[in-house]
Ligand SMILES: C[S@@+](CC[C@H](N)C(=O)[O-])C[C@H]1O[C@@H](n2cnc3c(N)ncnc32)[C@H](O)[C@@H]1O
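Have a look below at one chain only, the form predicted on its own, in structure tokens format.
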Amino acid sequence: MIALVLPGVYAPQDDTELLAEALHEEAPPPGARVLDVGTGSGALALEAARRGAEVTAVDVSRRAVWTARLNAWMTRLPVRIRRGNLFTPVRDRTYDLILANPPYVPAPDAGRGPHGRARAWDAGRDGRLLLDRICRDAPALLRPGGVLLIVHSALSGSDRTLELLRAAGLKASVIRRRWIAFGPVLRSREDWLRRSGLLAPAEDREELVVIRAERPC
């Protein structure tokens, strides 16, 4: 999918693949304005650019921005890549499609926010540190008929995501689901997740969901 991932940058995994499938199904036409927020390596931004979309990618991590720029340069795909916190660099624009694969893994409260490499996956005790902000702020950046595609773990509350997006006036539903084996991060905090009631005693896989939310015309 991509050529390069610098150390400390989130590499494309099952959630990236699942969101890429939803992107292909959405099939934005050439010239569509697409925003990839939390772009990481730039994999999804490049997929959209291959379809002829006008793509902007944003990430708060300097290494992620460098990685995405290098991948865009190596693939010769035109992607605007900006460093910033979620939608801050693009608040003056609207989009036909917004892609979001934010950090969503519940994490024990260490008395401070995520830092270092963990910023790519840790998202507070309920996994919604950035999800709630995306649900709140993304609708205003969608053109009429525009679509938000967001992927996250069911551990961080897909019903809550649907509730917030519908409250913002969007038509929202789960369009893809996939069960996957626990990765290294979940395995490392499996006991805490069970003690917190986020994982059932016998649960040994994680469910990923893609939610599609459309702004009515």
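Just so we're clear, the structure is a prediction, and the values are computed from it rather than from any experiment. One rule holds for the numbers: they count along the sequence shown, beginning at 1.
Quick note: we don't show the form predicted in complex with the ligand, though the next part is all about it.
Picking from 140-148, 90-98, 71-79, 126-134 the stretch near the ligand in the model of the complex, with a 4.5 Å limit on heavy atoms, gives 126-134. Every residue in the set L86, P102 and A120 has a non-hydrogen atom no more than 4.5 Å from the ligand in the model of the complex. Among residues of the shown chain, T67 is not one whose heavy atoms approach the ligand to within 4.5 Å in the model of the complex.
The closest heavy atom approach of S153 to the ligand in the model of the complex falls outside 4.5 Å. Of the heavy atoms in S61, some are within 4.5 Å of the ligand in the model of the complex. Proximity of L44 to the ligand in the model of the complex falls within the 4.5 Å heavy atom cutoff. Contacts to the ligand in the model of the complex (heavy atom within 4.5 Å) from stretch 37-54: G38, T39, G40, L44.
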